[in-house]
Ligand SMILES: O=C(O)c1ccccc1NCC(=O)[C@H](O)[C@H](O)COP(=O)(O)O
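Next up: a single chain in structure tokens, the form predicted on its own.
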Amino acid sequence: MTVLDEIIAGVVADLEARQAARSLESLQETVAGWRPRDPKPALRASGLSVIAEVKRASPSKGHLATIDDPASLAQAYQDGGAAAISVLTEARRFRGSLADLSAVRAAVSVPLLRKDFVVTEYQLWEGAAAGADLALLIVAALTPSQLADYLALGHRLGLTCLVEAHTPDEVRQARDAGAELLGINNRNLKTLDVDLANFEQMASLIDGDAIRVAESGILSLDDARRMREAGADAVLVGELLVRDGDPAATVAALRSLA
């Protein structure tokens, strides 16, 4: 069993408990009044756009930061010019929650990405009900038909889907499914190994007007500059920011990379 398999097994177990506590119909009633924000204009802006992440822990490094007030951290990200904010909601390995997402939603106006391992349509409704504007779809965690179905549901809900790939074949699957926002993960979710060359080698496979997002392993301004030079329109950054004493200034510095 790979690390990704283990994470998804935990996600499914936790999801069953939430589904028992709240029906799909209840989520749909809440979502009926929600109008998600479109992150694409900000992600296409000049310079390097930043998706700043609220992240307490990771499977590879364990505890990263004590974040008692995710809303305050998100406000700093917004002040620094983040195009969007990613909020981890997976509980077992990342120590996140939907409560974090709701708290951040109440504090900032920029688009929010619910960062989790989506394996059912229920989770898309759940994210929208908590105030998400974006959903993460990981190609390695889904069948081609699931990817297509979830992209279609996201479109109906007004959610922008960040489709994450790690291999050339996954990039092709994402493009074939019609992904407009495509992330290349420098981390292999099956082994947790990280290599920034992964984005460099595959960025050219993202043709047309799809937005290119470099994910994972960006631990310095030099790393971010390297991703920008390789063709990234945006970087998704967590560890660098949550361990930084001035996250607003660091987001601004990342944004300044032409």
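No experiment lies behind these values; they were computed from the predicted model shown. When you see a residue number, it is the position in the sequence shown, counting from 1.
The form predicted in complex with the named molecule exists for this protein as well; it is not shown, and the discussion that follows is about that form.
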Counting only heavy atoms and a 4.5 Å cutoff, which of 68-76, 95-103, 146-154, 109-117 contacts the named molecule in the predicted bound form? 109-117
So in the predicted bound form, does Leu236 come within 4.5 Å of the named molecule, heavy atom to heavy atom? yes
May I ask you to state whether Ser60 is within 4.5 Å of the named molecule in the predicted bound form, using heavy atom distances? yes
4.5 Å heavy atom contact, Leu257 to the named molecule in the predicted bound form: no
Is there any non-hydrogen atom of Leu189 lying within 4.5 Å of the named molecule in the predicted bound form? yes
Using a 4.5 Å cut-off on heavy atoms, what residues in 69-89 are near the named molecule in the predicted bound form? Leu88
